[in-house]
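Let's start with one chain on its own, the form predicted alone, as structure tokens.
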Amino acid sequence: MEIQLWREILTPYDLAVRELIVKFEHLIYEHRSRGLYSPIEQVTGRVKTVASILDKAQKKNIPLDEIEDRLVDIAGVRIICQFVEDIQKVVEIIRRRTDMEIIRERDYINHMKDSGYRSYHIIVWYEVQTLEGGRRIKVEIQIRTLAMNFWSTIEHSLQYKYKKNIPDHIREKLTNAANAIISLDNEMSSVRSEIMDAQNSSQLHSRIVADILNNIQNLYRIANKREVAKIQDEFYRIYELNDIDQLKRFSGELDVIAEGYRAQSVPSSEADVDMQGD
């Protein structure tokens, strides 16, 4: 295969990764904007480098003209979850989607590799639109917890350093660390509901504050500046109390005030329209 063709070959894979990252990040946004807990915490992606592709093809004895057919991880998307329970929820989300077709699934969560590696892998077909038209791309989606991802990142670096021949004493430490990761994930799962409540409360607090600030900003355009300054001072006073119920009450009262000012400004605008109609 000619060197200059690699960029042309890999461009659709890069497009697939970029699009999927945007789509999964939008799922995070949709959950949080509706006040829901998102099972997806982070999303990353990459396209294998040419060197990595050639290395894997050589190890698997794959001819260069069969690389795209036989390698399933040229394009990769990694979905990071907070809890083990979230992984299956993400898997179900992917299964229900109509913009990707599942080819294969591998559950390394319940069937951990001998090395200690744990993750859930899904290979999908994903279609992108290029200058030459539609193109179906194989993408590997890895789903794992933050703790699993930490272990996997370290293990991958060691594999690279030792050319897949990690010394026994280091491998033993990796195994111990993998067991510790399992314990950590289990401990986090035991307080999952409390953590979710705390995070949802934090997100609710942020949304209420954003709504209040937006209302105050809009009032500066239509209300008496001194009155708005008093409202702003009251907001700062309540904010310092760190009481979400007080913030909710203040936000509701501010909505009523803002609506009143908006209602006052409507008649003059409607009158102008009526006069223009006459």
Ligand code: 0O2
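The numbering used is simple: start at 1 and walk along the sequence shown. Keep in mind the model is a prediction, meaning the values are calculated, not measured.
We do not show the form predicted in complex with the named molecule, though everything after this point is about it.
Chemist: Check for me whether the named molecule, as it appears in the predicted bound form, comes within 4.5 angstroms of all of 24, 82 and 89 - heavy atoms only.
Modeler: Contact check failed for every one of 24, 82 and 89.
Chemist: If contact means a heavy atom within 4.5 Å, which one of 94 to 102, 182 to 190, 116 to 124, 195 to 203 is the stretch that engages the named molecule in the predicted bound form?
Modeler: Flagged stretch: 116 to 124.
Chemist: If we define contact as a non-hydrogen atom of the residue within 4.5 angstroms of the partner, is residue 249 a contact of the named molecule in the predicted bound form?
Modeler: Contact check for residue 249: no, nothing within 4.5 Å of the named molecule in the predicted bound form.
Chemist: Answer for residue 106 alone: is it within 4.5 Å of the named molecule in the predicted bound form, judged on heavy atom distances?
Modeler: Yes - in the predicted bound form, heavy atoms of residue 106 and the named molecule come within 4.5 Å of each other.
Chemist: So in the predicted bound form, does residue 159 come within 4.5 Å of the named molecule, heavy atom to heavy atom?
Modeler: Contact check for residue 159: yes, within 4.5 Å of the named molecule in the predicted bound form.
Chemist: Is residue 56 near the named molecule? Define near as a heavy atom within 4.5 Å, in the predicted bound form.
Modeler: Yes, contact at 4.5 Å.
Chemist: Using heavy atoms only and a 4.5 Å cut-off, determine which of 170, 177, 72, 146 is in contact with the named molecule in the predicted bound form.
Modeler: Filtering the options by heavy-atom distance leaves 72.
Chemist: Counting only non-hydrogen atoms and a 4.5 Å cut-off, give the residues of 17 to 50 close to the named molecule in the predicted bound form.
Modeler: Contacting residues: 46, 48.
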